[in-house]
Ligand code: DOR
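The chain below stands alone and is given in structure tokens; this is the form predicted on its own.
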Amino acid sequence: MIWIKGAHLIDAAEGRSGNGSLLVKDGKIARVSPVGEDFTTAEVLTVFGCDRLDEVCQVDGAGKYLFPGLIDVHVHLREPGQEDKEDIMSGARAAVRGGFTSILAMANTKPVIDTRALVEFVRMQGERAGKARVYPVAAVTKGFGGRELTEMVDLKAGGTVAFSDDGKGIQSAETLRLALEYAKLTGCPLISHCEDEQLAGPGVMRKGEASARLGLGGIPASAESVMVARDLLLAGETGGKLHLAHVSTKESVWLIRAAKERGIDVSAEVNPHHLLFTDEDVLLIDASYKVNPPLPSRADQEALLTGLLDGTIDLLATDHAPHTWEEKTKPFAEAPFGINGLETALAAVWQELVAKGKMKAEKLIELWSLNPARRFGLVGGTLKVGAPADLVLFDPNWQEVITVDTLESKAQNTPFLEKKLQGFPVMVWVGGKLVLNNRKVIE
């Protein structure tokens, strides 16, 4: 029994934003006060069916925001097979510390998540971790080979919520067309990693003036947008449910906007690092800035933000991709692509976009909680009575320096290392269970 009092409640599903209080009972939201009001003690005792207030956990939310737990639909947890980089336990702990109560685990593990047994393994490991909800994403093609489709219906029965060969673009248009048709039987979205491998070649950053100045091989924007155009056309032809991962170019935004106007069933995500950094920020000495797709140009970045604000792009997602310190300290051209994002993404976006007036807090919660829940058919995303009590109490004034010692993730490949950020979750509940308190993950 929990009484969270006097916080600024944000619920995009209900169009609510204002001070109020919320009651949690039996792991679910039991009552939400009208905006600007609180409950009386008698009301609280009646809802909880108890006689004394000392039986109720009371939380002072003054000066803080309370919103539904964030949902990250693009996370690499590396288990099974690469537990030196991350495992499901460490990733789930990092998630709740960043304000994420649900995460989707991508299939590019070793072995690839392409059988029902492996899907069930990921789901069960997430349950054992007991922190964020972990939802498996299964492969589209067996072994990420790009040709033979997985048994999608069986994988769905095992617990998968989406299908993706993320990490590798499906180069065969016919394979993708068949996959979109097959996935319709499951009701699950197909998440597409849009990258034409021939156009991308051996590039390591976005092709442009910055790559030429640094002497690094460039990946043209067309390597993404050409595949976005192809996938949108196939989704329109098949009536499939398509989700575009990590959109990073202005051309992709234009194409998605046009596809939605035509009624194609498509959603898209953008990663925080593509909103916060550009190719001009790339440093030869710091491979934390080496991501795939690569950091965009300023023009691309502006188009991405516009697309988020006008509804062309539906979601924010971290693309949390942990690597070992040894891998990421290699020369830029040799280091693997990927950024550690779960623990810093919310704070960084809040600090750089919300606090600076570029995005409203209500829009942020829509993009990172409500829309992901709706698109992938997940619980949460709302503060409605009866919904699971997946909640984040967020302090916009909490300042923290990101250090190796504070990270719950095994990986340290973040450009925010040793930098101060402001605005962090201070308490997080999953199904009414307190999993983060005063910035500490509860054992």
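In this text, all values refer to a predicted model and were calculated from it rather than measured experimentally. Numbering starts at 1 and follows the sequence shown.
Omitted from view is the form predicted in complex with this ligand, to which the following refers.
Selected contact from Asp279, Asp300, Asp114, Asp166, since only one has a non-hydrogen atom within 4.5 angstroms of this ligand in the model of the complex: After the contact test, the surviving option is Asp166.
Listed residue that, although this ligand is not shown, lies within 4.5 Å of it in the model of the complex (heavy atoms), from Arg93, Arg78, Arg133, Arg206: Only one option qualifies, and that one is Arg78.
Heavy atom of His246 within 4.5 Å of this ligand in the model of the complex: Looking in the model of the complex, residue contacts with this ligand include His246, since a heavy atom lies within 4.5 Å.
is_contact(Asp319, this ligand) in the model of the complex, heavy atom dist at most 4.5 Å: Flag for Asp319 set to yes.
Distance check, Trp254 to this ligand in the model of the complex, heavy atom within 4.5 Å: Trp254 lies outside the contact set for this ligand.
Touches this ligand in the model of the complex: Thr312 (any heavy atom, 4.5 Å): So Thr312 does not count as contacting this ligand.
Three-residue site Asn108, Asn292 and Gly338 fully in contact with this ligand in the model of the complex at 4.5 Å by heavy atom: Yes, each of Asn108, Asn292 and Gly338 comes within 4.5 Å of this ligand in the model of the complex.
Heavy atom contact within 4.5 Å of this ligand in the model of the complex, the stretch among 133-141, 181-189, 70-78, 114-122: That would be 70-78.
Any residue of 193-210 that, in the model of the complex, places a heavy atom within 4.5 Å of this ligand: If the 4.5 Å heavy-atom criterion is applied to this ligand in the model of the complex, 193-210 yields only His193.
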